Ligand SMILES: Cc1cc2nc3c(=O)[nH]c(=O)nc-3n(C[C@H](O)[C@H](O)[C@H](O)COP(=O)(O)O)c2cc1C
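Single chain ahead, written as structure tokens, the form predicted on its own.
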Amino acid sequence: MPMITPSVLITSILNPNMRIFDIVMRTEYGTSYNSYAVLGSEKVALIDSSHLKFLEPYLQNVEKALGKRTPDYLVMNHNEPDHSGTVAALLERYPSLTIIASQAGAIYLKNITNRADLNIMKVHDGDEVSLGDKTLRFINAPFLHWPDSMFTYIPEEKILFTCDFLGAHYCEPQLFDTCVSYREAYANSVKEYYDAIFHPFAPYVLKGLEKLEGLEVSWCAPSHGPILTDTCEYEHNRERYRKWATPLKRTRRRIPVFYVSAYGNTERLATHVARGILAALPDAEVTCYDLNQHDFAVLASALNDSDAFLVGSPTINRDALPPVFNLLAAIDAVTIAKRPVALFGSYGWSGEALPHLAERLTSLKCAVFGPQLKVCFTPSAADLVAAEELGRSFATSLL
């Protein structure tokens, strides 16, 4: 049975063939659903559970780890279905099981399991549970990356369980970071994982890292990817997260201009809008992005890291074009609130694209600048002047 220490066994499920996680995350190197069993001298605790689709192999791993013992506690550091999918089955098998969760987690679990009779122990920051010769200490970690998130620390073993925090969608047969064969691939996976999950919660990431200061950690056991050791990736990942979550100090406003253009008309507007922005804010960083000519990750990063942005689209079949809606789908809705945005575009028959985009952006709580600039077919000289004026007035509104 794989283990971290003789008293902390690994009940993880490896899924090297996964290529898409939670609909939107590419997992080129697969993933793992990590869970653990802590065998105390008096009591036993399971740390996190697993995805429902792996129920049978997960239960087999648990039974193998426990031997003849019965678990007393199930610690749910975070209750997303990839971690909580097997909770209901565990309760059927071990009906006396006490679930340990944060207050938010206790609420979620009742809906996840569709049971109102759960025996849940709600814990708060600093609370402890004794297993005899082992102590479970709980560390509140909200929005890393759900409101229910917490960490569990065993001081006697110097093991920290962080659920999604500091993890990665990366799967190799060996379970520890010291055995990773492809270091660059792993590092890339850590970055992609952070960007997809924790980027919107950067202030909470920094608070979470602060809570880890002073803890003696020999092993950090996340719920996805290799187990981290103090001599290998644990410190590296902490520093990576700190770097990525720390706001960049910049003196120039970033105001990207995104557009698509079928016949060059919206593109011409974009060029003149950019000129207007620079006329009002000469020090601004203004880049025009044709959505069909740039990598999507670059576009998403430019949008989410902007101080304000503009979107241009023609109208086809009474709507904006799919590349524009794909871009808006990449918005970090958690952090985009009140972000200024202006809209422009050429149209032929009717021009519904901009109202539809304004509706979508308003629903995301962006600050939509008005009026929008709609130009019928080919921009005239006056239209191009109006485009520059849009850029100028939009930039001036940011002062």
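Counting begins at 1, following the sequence as shown. Model, not experiment: these values are computed from the prediction.
Absent from the display: the form predicted in complex with this ligand. The rest refers to it.
Distance check, F369 to this ligand in the model of the complex, heavy atom within 4.5 Å: Outside the cut-off, so no.
Give a yes/no on whether I316 approaches this ligand to within 4.5 Å in the model of the complex, heavy atoms considered. Yes.
Indicate whether this ligand has at least one heavy atom within 4.5 Å of a heavy atom of G348 in the model of the complex. Yes, G348 is a contact residue.
Does any part of N265 reach within 4.5 Å of this ligand in the model of the complex? Heavy atoms only, please. Yes, N265 lies within 4.5 Å of this ligand in the model of the complex.
With the partner absent here, would N188, D195 and F296 each sit within 4.5 Å of this ligand in the model of the complex, counting heavy atoms only? No residue of the spot touches this ligand in the model of the complex.
Among 351-359, 335-343, 60-68, 30-38, which stretch sits within 4.5 Å of this ligand in the model of the complex, heavy atoms only? Going through the listed ranges, the match is 351-359.
Proximity to this ligand in the model of the complex, single hit among T229, S261, N304, N140 (heavy atom within 4.5 Å): Exactly one listed residue reaches within 4.5 Å, namely S261.
Do any residues of 375-393 have a non-hydrogen atom within 4.5 angstroms of this ligand in the model of the complex? If so, which ones, in sequence order? The stretch touches the partner through F377 alone.
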